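Just one chain follows, in the form predicted on its own, and it is written as structure tokens.
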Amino acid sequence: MTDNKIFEQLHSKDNTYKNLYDGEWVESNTKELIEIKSPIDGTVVGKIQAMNKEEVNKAIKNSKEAQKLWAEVPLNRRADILYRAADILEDNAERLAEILTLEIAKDKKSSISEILRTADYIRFTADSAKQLEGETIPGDSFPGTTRNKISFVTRVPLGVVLAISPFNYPINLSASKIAPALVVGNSAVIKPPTQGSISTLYLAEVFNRAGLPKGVLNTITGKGSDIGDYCVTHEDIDFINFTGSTEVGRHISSISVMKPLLLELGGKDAAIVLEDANIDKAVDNIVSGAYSYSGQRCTAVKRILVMESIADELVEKLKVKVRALKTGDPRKEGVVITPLINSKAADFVMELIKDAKDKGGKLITGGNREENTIYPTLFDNVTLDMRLAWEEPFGPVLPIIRVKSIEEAIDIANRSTYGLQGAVFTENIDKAFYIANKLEVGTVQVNNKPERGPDHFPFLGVKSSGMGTQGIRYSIEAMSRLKAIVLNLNNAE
């Protein structure tokens, strides 16, 4: 059952949230606070602490010491803690979903879904870790080597993992970094986004309540401009797992010398619709993929490349579906289009809309704004000189680009600097595989919208969309390393 009292220690009476340090919730010495205002109506959800570099250093050093003992804890006991965390998370799903909705304006249905999916992710992580096995390699399997050598190969933790999560999935994308790191024996320091910090702090208490030893998980909140570079270049950080913008990802990569990275960055996912596609199925997937959570997803459908012969039919059916999307307060049932995370995000989307209008794009529906809410927008006849054809809006606006051939669609898709996912809608399996093999992306969906899951599938991007591979087993492997012990049975010649 939900027990709100388990979260009381996270904040003081004036709703100032503390940070988890060495198993306790503590206040910063700086006394500098950042107000977190709801994108819904501007009300203050709470205040977080702007930690300074000295406090960040103290947290990382604490995690470094805690990791040494945590690495000695048997895998089955580490897994048990993850199972308990998943149960606590699931038991408190309603409460945490309320926080998510208030803090990042995610609709109620999606907020609940994020919590439950995260609980499943944590459980499957524990299951997967127990299935990872080492191997023994006999020496005489290589030419010229005698039988007196055997290599015992196991996986060992890297040390301290710095997890930097984004605003749009603060619980799921924090847990997808923390759980694989912990289960293999690392400690973790989580740096949440400013907007999304409160939700992430609740998640940290879930792990803390599950029985993590002190210091194995610490949190740090504050301004990225003040502590961001310090965190990623800290000598005691052994691995960086970041989800966010391509711009910030590139910066982290450039300054984090000799530190292994896992970067999940931006995307410009294209949905290619061929003449033989099931149009109704394509429309349902495209609308869901483009507009859920107001398009604030890295895997959102961000452009349609449709064959000219079926474009009119597709546009008409899309128009009906898009106009039916419910816009407004995410706390109300059925609302899909909610306020964007802040005014800067809304301003950027409106820039792209204006540019498309000015250059002759045909506005099918939407295009208007009410404060930070952008009404679901659909453009037809988008040309390649428009910013909307290439830039990631991270908002509820979708461009339709008409093409004359499969090769033209592939060419336009691949000209993007991004390479996260793509989608192909066709009833011809040969054409589906032909296009899939040609697209320069991490994943191609056939007759489905781009999406992150299922979470045990590999998830990756190429070009400006990221570095490294996620997915439960792949994340565990990324945040551990192989270690070989060679047994020399007989050194006699």
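All residue numbers refer to positions in the sequence shown, first residue = 1. Here the structure is a predicted model, which is why all the values come from computation and not from measurement.
One more form of this protein, predicted together with ligand G3H, exists but is not displayed; see below.
In plain terms, the part of the chain that comes close to ligand G3H in the predicted complex, with a heavy atom within 4.5 Å, is 165-173 out of 87-95, 165-173, 204-212, 379-387. Site annotation in the predicted complex: the residue of Thr299, Asn186, Ser256, Ser416 reaching within 4.5 Å of ligand G3H with a heavy atom is Thr299.
Scanning Lys317, Arg117, Lys357, Arg155 against ligand G3H in the predicted complex with a 4.5 Å heavy atom cut-off leaves one residue, Arg117. In the predicted complex, Trp70 stays away from ligand G3H, with no heavy atom inside 4.5 Å. Put simply, Glu55 is far from ligand G3H in the predicted complex: not one heavy atom of it is within 4.5 Å. In the predicted complex, Phe459 is the single residue of 457-484 with at least one heavy atom within 4.5 Å of ligand G3H.
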